[in-house]
Ligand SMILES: C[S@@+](CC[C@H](N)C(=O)[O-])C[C@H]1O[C@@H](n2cnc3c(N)ncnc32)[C@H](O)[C@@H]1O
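What follows is one chain in structure tokens, specifically the form predicted on its own.
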Amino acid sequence: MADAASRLTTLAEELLGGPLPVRLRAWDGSEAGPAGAPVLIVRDRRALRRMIWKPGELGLARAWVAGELDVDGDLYEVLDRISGLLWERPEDTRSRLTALRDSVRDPKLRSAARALLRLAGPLPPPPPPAEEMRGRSGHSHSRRRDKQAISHHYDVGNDFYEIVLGPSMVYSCAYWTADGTLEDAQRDKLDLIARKLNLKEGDRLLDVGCGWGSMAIHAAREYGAKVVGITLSREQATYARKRVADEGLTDLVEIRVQDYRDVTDGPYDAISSIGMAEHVGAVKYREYADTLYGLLRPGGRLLNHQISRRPEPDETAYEIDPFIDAYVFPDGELAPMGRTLSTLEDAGFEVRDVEAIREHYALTLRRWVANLERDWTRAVRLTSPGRARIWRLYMAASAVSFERNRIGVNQFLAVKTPVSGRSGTALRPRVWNEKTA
């Protein structure tokens, strides 16, 4: 009888309709697949049971989080090769995975599926890892459910995020020069946003989704702005308030645990929304845009920094990524760049500038992964092995997606232009990229 790796490789190629792009190492120590390729390790046959019952990303993710799958070699290369099966041959691979999940009618597929079931061992499948999001309550993107989702993602320990993000504690795409550090790039991103918003001493800034307070502190310290930062994460708020106090900025910065829908103390001169809109949801995005528009004074500015996805040929077919939804950003949704722009315009904004910085996020994510790997033992101790594995997989896979132009990130500068038509925007807006602007 063939060893486990050879049997598994043969069955996988029958089910996927083509050669595997990686080499496999099975639980019995055997290996099979293309020589010289990076190695995907199947440590336990329980991983097969997960993938049989949840074909595609979720089954793979559960096995990875549980430690039943691992990689020997370059994680980015493995992810790039595997994701290529789903992204570059979608008609072939996804239809086969769907057939396996639903009802296999093709005799060859049915035979391969039965053989895989025998190789996987006793059923039923193991339960999902403890880190998977469960027990969501309330309607999608209600205040209650949004708070649960934010807590799942952010309330995993500030010490853990310090490892991943580094001293800047900024959890969004940095703005890179050729030879800068991560801290330099994050500072430059915050300063770029402040300059696009044309912040001046005494301006009121609302920072929606303020995270650990970095933008609020930068705007107050460097520009003299009076800042209100809001978050739904109590751990973030506690951390941010301490940073504000340590900087001696309590007279300029207020950090609140508050939903954006409950902010009523406008008008503001400027609003920054950095990596927040992804949490809002398609059904609420117009309400979000309307709310921010209403909180600005005439002539006030919005800087919306948001991840985007490529448009689907049939937008009704868009589905939230199952791994991201279950383990990273519950209920998070990405919209195409054009839809975001249109929604801002529909709310009344005049969009004055759009800057695409996709490649910058790939660089940022690779630095975060390096930070996590460098202090892996401590990260595991602070959270759990599964949680650390989630973040490593999520960030590395996201870096590959940005590099391959599967997702992007954009900064929209929008103005609540008054009836006079005087937007207050510079004639050459890209001079904001220069420090002297």
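All of these numbers come straight from a predicted model, not from anything done at the bench. Note that residue numbering begins at 1 and tracks the sequence as displayed.
Just so it is clear, the following notes concern the form predicted together with the named molecule, a form of the same protein that is not shown.
Using a 4.5 angstroms threshold between heavy atoms, P128 stays clear of the named molecule in the predicted complex. Residue contact check for I82: none of its heavy atoms lie within 4.5 Å of the named molecule in the predicted complex. When the named molecule is considered in the predicted complex, P330 lies well away from it, no heavy atom lying within 4.5 Å. The named molecule in the predicted complex is not approached by Q148, whose heavy atoms all lie more than 4.5 angstroms from it. Interface residue among N158, Q258, T291, N198, judged by heavy atoms within 4.5 Å of the named molecule in the predicted complex: Q258. Think of it this way: in the predicted complex, the named molecule has a heavy atom of just one of V228, L232, A240, A225 within 4.5 Å, and the residue is L232. Listed stretches are 273-281, 294-302, 247-255, 330-338; the contact stretch with the named molecule in the predicted complex is 273-281, by a heavy atom cutoff of 4.5 Å.
Counting a residue when any of its non-hydrogen atoms is within 4.5 Å of the named molecule in the predicted complex, the hits in 182-214 run G209, C210, G211.
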